[in-house]
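Next up: a single chain in structure tokens, the form predicted on its own.
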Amino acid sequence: MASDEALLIETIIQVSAAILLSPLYQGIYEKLKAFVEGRRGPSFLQPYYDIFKLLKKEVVVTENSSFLFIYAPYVVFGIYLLISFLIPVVYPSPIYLTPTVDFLGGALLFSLASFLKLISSVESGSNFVALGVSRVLSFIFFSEATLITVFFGVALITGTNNPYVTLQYLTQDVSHYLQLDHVLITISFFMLWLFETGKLPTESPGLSEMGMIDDALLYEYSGKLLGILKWGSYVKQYLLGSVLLNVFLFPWLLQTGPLGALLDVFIMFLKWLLLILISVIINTTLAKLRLFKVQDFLAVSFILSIFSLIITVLIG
């Protein structure tokens, strides 16, 4: 098989897995969480049902909404789609578009998507949404700073800002994986992932007080726009979680080649089951924290990433 054809197949497999399988992992998480709590819970395919139902519904827009409110969900989803080309979320070698952006560029794209979600939701003119945005802004300065600092830390540890080179660096020698700076930055990124994906035992989905951190941003959206935003949030969770697994927690076992790319989808499924199990244990065993404690949690994550930077510089 020609190299260009093989590269195209590998690209299609990675991007398709990120787009099509991301709701599945959220469904498995909800099903497993319900099982641990002694409930029957929804089907693990429920996120797909919700997305398809919303995509078929009519969009209702408030009188105060601008064009940004209407088109931002498409742009946000497009950003996540672009990121799926750039980082090793399934396949361990570069694919199409990979050379265009490094780790820091990926972090900035995540930040851009978050920014667009914030300003577009405010365009609805809803006081409820404004309250949710104010809460998000009170946390996001720590989360975005941590995301960028983590990727800076990885660049210092490996000597490159290329996520694929970083993956190869960690798999070459176990000592690289066990370095203190890498351990600290892994913990920091895992804490960030818990917050960004709503897996903290503080943030519960829905419109209750504890769920107004992120879900309030979607309060005025409906129909197709709401479905696209929810789908985009699943893709974001998949992208961040796969980076956490492949570059930080468990960088081994991924295969190369078109057949290897298909096998990688199954390998990533097993890796995700492990990550889901860990997050369910954390969510169901720890006591619910008060809302203001989220800042303390993110502050610890940020400090760990800073410590990693300092240790890397001192060792180097």
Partner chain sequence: MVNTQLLELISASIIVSALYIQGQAYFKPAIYAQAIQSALISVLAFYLGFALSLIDYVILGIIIVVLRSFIITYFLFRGLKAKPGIRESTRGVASELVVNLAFFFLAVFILYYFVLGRIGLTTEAGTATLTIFSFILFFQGLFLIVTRRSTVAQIIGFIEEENSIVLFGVLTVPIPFLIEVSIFLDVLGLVVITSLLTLQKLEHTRLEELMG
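Predicted model, so just to flag it, every value in this text is computed and none were measured. Residue numbers count along the first chain shown, from 1.
Here the subject shifts to the form predicted together with its partner chain, a form of this protein not shown in this document.
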Within 4.5 Å of its partner chain in the predicted complex, heavy atoms considered, which of S126, Q179, N161, T171? Q179
Can you pick the one in Y238, F142, W231, F195 that has a heavy atom within 4.5 Å of its partner chain in the predicted complex? F142
Can you work out whether I311 and its partner chain are in contact in the predicted complex, taking contact to mean some heavy atom pair no more than 4.5 Å apart? yes
Is I306 close to its partner chain in the predicted complex, meaning a heavy atom pair under 4.5 Å apart or at it? yes
Please run the contact check for S16 against its partner chain in the predicted complex: heavy atoms, 4.5 angstroms, yes or no? no
Indicate whether F302 is a 4.5 Å heavy atom neighbour of its partner chain in the predicted complex. yes
Partner contact check in the predicted complex: of 76-84, 102-110, 220-228, 179-187, the stretch with a heavy atom within 4.5 Å of its partner chain is 179-187
